[in-house]
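The chain that follows stands alone, in the form predicted alone, written as structure tokens.
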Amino acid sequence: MTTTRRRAVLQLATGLAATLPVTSWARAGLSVPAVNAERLRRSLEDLSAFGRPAGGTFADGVSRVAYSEADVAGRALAMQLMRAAGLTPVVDAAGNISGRRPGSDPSLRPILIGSHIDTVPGGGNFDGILGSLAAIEVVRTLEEHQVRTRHPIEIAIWSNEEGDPMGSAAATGPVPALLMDSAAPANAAARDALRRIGGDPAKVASARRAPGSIRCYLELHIEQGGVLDAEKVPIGVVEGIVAIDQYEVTIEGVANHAGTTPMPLRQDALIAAAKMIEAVNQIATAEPGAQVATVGKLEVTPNAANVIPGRVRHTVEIRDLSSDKVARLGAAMARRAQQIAAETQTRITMTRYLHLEPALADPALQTAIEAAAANLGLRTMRLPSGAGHDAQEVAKIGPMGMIFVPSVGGVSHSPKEFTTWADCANGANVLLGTLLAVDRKRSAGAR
């Protein structure tokens, strides 16, 4: 089969995999089978029933918050689908669900694929869910086509990603404090919730995976932004997950009567805050790049119509793939804060309370994703992930690669979150192609 014909057939597979019997693909002589697109769609629709508003439809989104009854039911369905793919699902002490398909070479480390199925309150049907169910579909496709990989293939459905990647954090780093059985009594509710999904807070440390214990981690995810959709590019190749710095800014002025205090004599904390918020935007946009900065929370005291605000607290969050740039922008904002304090006769303190290092995608995996997409005739573009993902945690123990597919309108964490079924199938097929390419690669250190 010529390369042109092979690509044409693979493109056809993306949209028609559900309408042709498996034997048709075998007779076509394809080295990379296509996932069953219709079955993947049914899996997404079936899972959406858990957490759906009463009387609602798929379009109404879900609230499948971690540890809720809906989450418990959704996890049961995910495990049922894993069994249908020939896997035996296991729940570790951190509540993560995993299933392992053996490889032909027992000395090789597993290729790990997956995501999460919990949602934010009032969320959508694709964030994390697509990556989890596509991972199951990939393994099921390998089983149906009797494709034996050299490496073991392991699916991971991480627990409580939306709650601050709890499951993947427990699997790849120090045990999160909320899951420690020796933690303060205030954490009892979190430990009880973990037991609800089959975890064991007394043994969470046993869920940890050693650095270097996996060949790599591949995660398919919706973009959650509008870049791919606007550019009409079907596959995003993630360069990395951004560094995040969060600051609390406290502005101290003087509260006073709004009617009797002349304008020149005011020490208005809210005026200073307004200048500071504008400065955050100006500094973030003053240079080219993908960096973003946000003021998303504001507290005004005393918050009364007839009182000059005496105190304001607000947040500043800065994100970029470069930790150095994030730090530099934060320093520029801190310098501007002192200028504003002098201009407004207020006192401003800016304190960093959160720092997350970026997780850069492995260059070889980025190249493999691009090649898998090219084999399907799909255009790609490289872009950073502005949102956090389980991949950010898993990158601590092995090479990481992420595949993005478009979010219609850039909407996410909303019932309106949607990715077309064709793009879902595209992403799953690229995941499958990338996995097989990594599995075939024989090189030093690639065990």
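Counting begins at 1, following the sequence as shown. Just so we're clear, the structure is a prediction, and the values are computed from it rather than from any experiment.
One more form of this protein should be noted, the form predicted together with a further copy of the same chain, which is absent from this view; the next part is about it.
- Message: in the model of the complex, is there a heavy atom of a further copy of the same chain that lies within 4.5 Å of any heavy atom of residue 331, even though the partner is absent here?
- Response: No, residue 331 is distant from the partner.
So in the model of the complex, does any heavy atom of residue 257 sit within 4.5 Å of a further copy of the same chain?
-> Yes.
Q.
When the contact criterion is heavy atoms within 4.5 Å, does residue 306 count as touching a further copy of the same chain in the model of the complex?
A. Although a further copy of the same chain is absent here, residue 306 would touch it in the model of the complex, with heavy atoms inside 4.5 Å.
task = Examine residue 297 and determine whether its closest non-hydrogen atom to a further copy of the same chain in the model of the complex is within 4.5 angstroms.
result = Output for residue 297 is yes: heavy atoms within 4.5 Å of a further copy of the same chain.
Self-check item: Residue (of 208, 336, 275, 100) lying close to a further copy of the same chain in the model of the complex, criterion heavy atoms within 4.5 Å
Solution: Only one listed residue qualifies here, and that residue is 275.
Just give me the single entry in 349, 224, 375, 323 that has a non-hydrogen atom within 4.5 angstroms of a further copy of the same chain in the model of the complex.
Flagged contact: 224.
- Message: Looking at heavy atoms inside 4.5 Å, which stretch does a further copy of the same chain contact in the model of the complex, given the options 277 to 285, 92 to 100, 136 to 144, 117 to 125?
- Response: Partner-contacting stretch among the options: 277 to 285.
Quiz prompt | Contact set, 377 to 395 vs a further copy of the same chain in the model of the complex - heavy atom within 4.5 angstroms | solution = If the 4.5 Å heavy-atom criterion is applied to a further copy of the same chain in the model of the complex, 377 to 395 yields 386, 387.
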